[in-house]
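Okay, so here's just one chain, in structure tokens, the form predicted on its own.
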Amino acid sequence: MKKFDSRKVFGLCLIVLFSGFLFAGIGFASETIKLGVAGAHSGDLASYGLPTVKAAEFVVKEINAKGGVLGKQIELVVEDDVCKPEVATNTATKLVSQGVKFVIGHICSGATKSALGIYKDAKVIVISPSATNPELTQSGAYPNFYRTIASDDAQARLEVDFAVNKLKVKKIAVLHDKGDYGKGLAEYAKKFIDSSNKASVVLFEGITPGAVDYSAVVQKIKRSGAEAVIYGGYHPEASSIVAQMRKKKMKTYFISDDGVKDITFIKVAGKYAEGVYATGPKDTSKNPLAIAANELHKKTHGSDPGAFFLNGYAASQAVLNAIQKAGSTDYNAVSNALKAHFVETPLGKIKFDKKGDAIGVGFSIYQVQKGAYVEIK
């Protein structure tokens, strides 16, 4: 009979115990697929971020009710970045530390750009419903980034073409809020105006976000003789500038972007919003999936959804469809699936090109008419 060796038995027990913990940990970690939602969920720009949270909640609830993805339930992890770049890095770090491998967001281009490096290093796939800065996809710096909205160069082109060819203006003032989103759009607008040979930029200037009084820049617009203003930025500043222009009896056209194409702009600007033009995602109100999503929001929350709701809906559907098609949560497999497979969404049938831009989406021109944005055909 062999001599009993207590040290070997003790060591074997430790191995078994450690293995038990290890496999228990693996089982726990794989119980759900975590989907992050990052954006402005508080502050002045919350009306841009909260609709995406609600969209993701609807998509996840429906998919989980059908058994989830790859047999696992989807778990939402929501983090607020207030649309500020300096906060967004912390938001990204939080999501990565919680084991999130897929993120819907961020909302603002500056915040998105600030966070993308962190996600890239952690091999986290990011799909934004609203970050339109062209460099986010065109620079090639962020292969982990996708978006369900067209980029600012397309948006600026549409604004300039509308101003020059439809409104027939020849003198245009171009303003921006100095941010990655607003300034980038304004620079593209200036470039397109300069190359049009039909109009000229009579004023190009950045404003200070959050200022109480924009009378100085309004006076510059007036002195420049501008027939139209193209503004790159968000609704808080746009509403103030428009109000001050109209109070001075200026009839100058005001044309802005999807950062202004939001019901909050109309509420804040009030009667002065009437007649303002803004670009925004194409109207998909006749799409059966869009109708269903909008009705679901009305039934659940008692109101119409806000800006980028359908884009957030499509982003959530796209990433979860790609995981299912890939048969895995592996970064490379899901990345390939996003580019290879179309998915039916409220925006239409979409997939992504090699840069990460959505194939099948675009912008339209809208005008505030009787207190609501109406698509201009």
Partner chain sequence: MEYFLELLLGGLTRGSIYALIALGYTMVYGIIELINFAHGEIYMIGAFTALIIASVLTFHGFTGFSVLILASVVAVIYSAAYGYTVEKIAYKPLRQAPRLSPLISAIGMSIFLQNYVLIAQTSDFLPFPNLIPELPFLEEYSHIMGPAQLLIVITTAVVTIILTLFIKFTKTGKAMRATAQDRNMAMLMGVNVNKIISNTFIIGSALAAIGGVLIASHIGRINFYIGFIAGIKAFTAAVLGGIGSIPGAVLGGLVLGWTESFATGYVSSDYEDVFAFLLLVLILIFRPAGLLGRSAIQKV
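Positions refer to the first chain, counted from 1. This is a predicted model, so every value here is computed, not measured.
The same protein also exists as the form predicted together with its partner chain; that form is not shown, yet it is the one meant from here on.
message: Each of 294, 374 and 377 within 4.5 Å of its partner chain in the predicted bound form, by any heavy atom, yes or no?
response: Checking in the predicted bound form: none of 294, 374 and 377 is within 4.5 Å of its partner chain.
task: Work out which of 180, 258, 80, 237 lies within 4.5 Å of its partner chain in the predicted bound form, going by heavy atoms.
output: Filtering the options by heavy-atom distance leaves 237.
query: If you check 74, 116, 169, 217 against its partner chain in the predicted bound form, which one has a heavy atom within 4.5 Å?
result: Looking at the other structure, the residue within range turns out to be 217.
field: Partner contact for residue 101 in the predicted bound form: its partner chain, 4.5 angstroms, heavy atom
entry: No, no contact at 4.5 Å.
query: Even though its partner chain is not shown here, does residue 202 get within 4.5 Å of it in the predicted bound form, heavy atoms only?
result: Outside the cut-off, so no.
query: Just to confirm, residue 85 within 4.5 Å of its partner chain in the predicted bound form by heavy atoms?
result: Result no; residue 85 lies far from its partner chain in the predicted bound form.
query: Is the gap between residue 147 and its partner chain in the predicted bound form 4.5 Å or less for some heavy atom pair?
result: Judged by the heavy-atom cut-off of 4.5 Å, residue 147 is well away from its partner chain in the predicted bound form.
field: Candidate stretches 219-227, 276-284, 187-195, 137-145, one within 4.5 Å of its partner chain in the predicted bound form by heavy atom
entry: The contacting stretch here is 219-227.
Within 340-362, the residues that have a heavy atom no more than 4.5 Å from its partner chain in the predicted bound form: Contacts from 340-362: none.
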